[in-house]
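This document starts with one chain, in the form predicted alone, laid out as structure tokens.
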Amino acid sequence: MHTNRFTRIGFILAAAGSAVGLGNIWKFPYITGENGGGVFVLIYLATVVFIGMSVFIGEVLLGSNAHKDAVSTFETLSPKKYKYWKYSGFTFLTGVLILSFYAVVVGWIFHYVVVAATALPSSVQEAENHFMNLLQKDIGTQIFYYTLAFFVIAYTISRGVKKGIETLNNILMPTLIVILAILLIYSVQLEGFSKALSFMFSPDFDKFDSSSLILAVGHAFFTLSLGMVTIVTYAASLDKGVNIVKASITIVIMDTLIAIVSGLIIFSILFSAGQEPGKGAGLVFITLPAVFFEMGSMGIFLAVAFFTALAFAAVTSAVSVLEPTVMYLVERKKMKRKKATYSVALIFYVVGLFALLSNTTEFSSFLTFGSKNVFDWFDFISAAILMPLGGILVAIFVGYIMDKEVSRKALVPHIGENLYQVWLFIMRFVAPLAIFLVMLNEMGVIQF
């Protein structure tokens, strides 16, 4: 049992910190740009409300009932005849794989905070050259910032739930919100703001297709940190008596608002500079730095603020991804927290080096298998297979396996019987099917 628990606010900020990451500030704006703006945002919001919210509540329900590590949670809540469902908790291993390449990206962002403050590229071409040089040739710089990211993440986890995770999120999440608020206030004054509003909130159904629908479902799922028992693990350290529905809704709203605000900021800046939104994954590292340069001294301030916000979001997410594995080792294997943290962190550090080197010209040929290098394989396996599989397991476990009285007792006092039945229907039928379709689409088995 936990003596080291989150306060209600601490849990909300930590879980929001887990959910708010690169998916909100980097990925959401560029996939919105690539998928027609308003219609994609509409589908995304609907998916968050009807599927993402339900699965999120399901994960919080599991953790807050058992107050144990993920494996013990499924073990405790599994009826004897379903004893093998306890192995669902081992989806925490997805986090170690994700962290192995995610920390590489955190390192890139740390580097760009320094670039923003010292030498912004003066054109899109220069920005592209800088990023590709970093990615493919400047191994030393990459390893330096990757190592820095590794130490920040591991040190935070090693200090525990209260002193480490909650303290970090209590500082970084409010600061992140303040930075985004400043950037939004500035964006409102730009001539491109009205166009950004129109682009994001005026659905053009001519641009709607089934692939956008599946992408929106997948991104809603990804951005809420579902499918790798992170939320289950955080909820295990939640004080008893907390209204889990209210806390879950608060977190989902915070997560979604930050994605929307990030989109408005980025599109306002792009439109004001005469740039187009469909720039793909290079939007943050190639297009925006050049746009910030064109703004002069104000651009330097905005660039530092933007990349700092991105760094904060990335670190809080990375910390949450490691915690389930550490908690398992502490509770099930009786390891000291520091030993557990640095043992796992060392594994992800070494494995992550292969992901980092696989992007470089010097080592790519040795670290490319089939059509993908190690970095891309890690991304593909986690996003296309392991996270969706983890989400399906949670939905089926909560919907079918776990004693219904557990969920009814926890939820009905807060949402009533009718809404409880709607939630249960989504967990049993809608969420597993929707996530399974995302999984098949990501794997290329079917294409929408």
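All values reported here derive from a predicted model rather than from experimental measurement. Note that residue numbering begins at 1 and tracks the sequence as displayed.
FYI, the form predicted together with 4-fluoro-L-phenylalanine isn't displayed, but the following is about it.
Shown alone here, Thr230 lies within 4.5 Å of 4-fluoro-L-phenylalanine in the predicted bound form, counting heavy atoms only. The shortest heavy atom separation between Tyr102 and 4-fluoro-L-phenylalanine in the predicted bound form is within 4.5 Å.
Taking the partner from elsewhere, Ala355 is found to have every heavy atom lying beyond 4.5 Å of 4-fluoro-L-phenylalanine in the predicted bound form. A residue is said to contact a partner when one of its heavy atoms sits within 4.5 Å of a partner heavy atom; Val430 fails this definition for 4-fluoro-L-phenylalanine in the predicted bound form, lying far away.
This chain appears without its partner; in the predicted bound form, the one residue of Thr256, Thr73, Ser317, Thr287 with a heavy atom within 4.5 Å of 4-fluoro-L-phenylalanine is Ser317. Residue Thr223 is the only one of Thr156, Thr223, Ser268, Ser237 with a heavy atom lying within 4.5 Å of 4-fluoro-L-phenylalanine in the predicted bound form. Here the chain stands alone, but in the predicted bound form its contact with 4-fluoro-L-phenylalanine, taken as any heavy atom within 4.5 Å, falls in 320 to 328 among 345 to 353, 119 to 127, 192 to 200, 320 to 328. Although 4-fluoro-L-phenylalanine is not shown here, in the predicted bound form the stretch 369 to 395 places heavy atoms of just one residue, Met387, within 4.5 Å of it.
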